[in-house]
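First comes one chain, alone, set out as structure tokens in the form predicted on its own.
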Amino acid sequence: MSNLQPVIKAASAILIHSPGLVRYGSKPSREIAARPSRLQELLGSLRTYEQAENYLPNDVFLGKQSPQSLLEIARPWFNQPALKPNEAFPFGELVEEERFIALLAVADVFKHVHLLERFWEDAKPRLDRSALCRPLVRVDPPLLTREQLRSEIERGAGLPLYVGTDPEPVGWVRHGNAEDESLTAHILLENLCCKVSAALAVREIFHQDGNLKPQDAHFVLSCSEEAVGDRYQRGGGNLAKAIAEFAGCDLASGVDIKDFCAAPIPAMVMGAAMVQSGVVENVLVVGGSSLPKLGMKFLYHVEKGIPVLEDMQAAVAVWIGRDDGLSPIINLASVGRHPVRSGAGVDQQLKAIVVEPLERLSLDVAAVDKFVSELHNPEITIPANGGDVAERNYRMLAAVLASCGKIGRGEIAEFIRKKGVPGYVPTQGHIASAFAYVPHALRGLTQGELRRCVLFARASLFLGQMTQLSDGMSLLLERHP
């Protein structure tokens, strides 16, 4: 086998508990502006760090539990005691809000984010003690006294930063340009959250595997959902290069890949193709967090008396390199595409991105251990009348496979149970669309019993109102022979 065969050498996952930032999610910010009393309703339903740390879906996301463990424990999961308290998270850290906000200021090279002096005095030792965060702190952020912070808030040209439910602000984000809607404090905060979370996921890879070095990362592909730009090129920027810089990958270049929720799969395909073609030796595919999606369904959660579970930002990073004789193979011959003529019908999408590649490779359904798609946490979506997204998708896929003669009608329930993956991922769009499963796939294909795993994702392109089409792509990961 050629040494240019692309493989996955490492994968990491990061969660950031962000209760104080939930108010700046798209839905909460609009609701609070229209009805200010919503803020107190939101604050009264937020979780503590300990509650987030002991939450079963978060344990699964960070590798402490397998996704299948969710099938063994009845919901509601937020009422369940921790199964493995005080045990480390194998895939990455659950970062508390204090450290994350401090890193937002450190990562802001244009000095729009200012921190309260006392807050920085408390946060800096936490960063110094963290093997994950310490390499990211190369400068001190701008600081404000309490009086200066109050003065900034009174002027109103930006956003205050809070930790949890504490009413006292700990920082301030200034507008980048008062005349540019793409550089408002809200947009800058959104993009900084994505940049910092993605860099944390990248650093987690180096923290886990001492054989992988920042200087060996040659290219970064960001599959995040941010829109970095200015008034002339809204969304035209390059966050990947900013992530590489902040993460210390000094020899890397990078570009962004956009495809709504489906972006991680084409990003992995492009990264693998770059390695197989010899363009570069190593590629990092990284998806940073989505601040706008915090608290999307908070009204339903508040109404039903459950915690606001959309308080987590999430990021994933995957290292793709040349064949090392051990790591799982990315089979580029397996790539399933969604051509224009397939339209927006779900059955046609699934035939194009799942059925056609299996037929092309002469693989039957039994040869694939897991089919992985959208894995949104059902405890978030069901109270908001969105149903169990993962289960619904597997039911649709099973129906399509049955209609194509790949499985029998009587095998649909067994297919969902054995070949599917229960949902556990925060509603962070692209992260939930199979990307979050890559660390589990890596572990299963090297240490576990997985032989083959299909990752597939679909994108609602019509949301941008430029086309009625959807998109999608799939990829096969295989155990190294």
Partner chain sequence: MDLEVQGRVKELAEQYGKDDLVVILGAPNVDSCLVQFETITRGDPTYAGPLAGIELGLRAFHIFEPEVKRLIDPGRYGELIETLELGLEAEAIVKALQEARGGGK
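Numbering follows the first chain given and starts at 1. Every value quoted in this text rests on a predicted model; they were computed, and no experiment measured them.
If you look for the form predicted in complex with the partner chain, you will not find it shown, but the lines that follow are about it.
- Contact with the partner chain in the predicted complex, defined as a heavy atom within 4.5 Å, holds for exactly one of 399, 365, 335, 163, namely 399.
- Screening 216, 347, 324, 168 for any heavy atom within 4.5 Å of the partner chain in the predicted complex leaves a single hit, 347.
- By the criterion of a heavy atom within 4.5 Å, residue 145 is excluded from the residues contacting the partner chain in the predicted complex.
- In the predicted complex, at least one heavy atom of residue 412 sits within 4.5 Å of the partner chain.
- Put simply, residue 151 is far from the partner chain in the predicted complex: not one heavy atom of it is within 4.5 Å.
- When contacts are judged by a 4.5 Å heavy atom cut-off, residue 253 does not count as touching the partner chain in the predicted complex.
- The stretch from 131-139, 403-411, 273-281, 67-75 that comes within 4.5 Å of the partner chain in the predicted complex, counting heavy atoms only, is 403-411.
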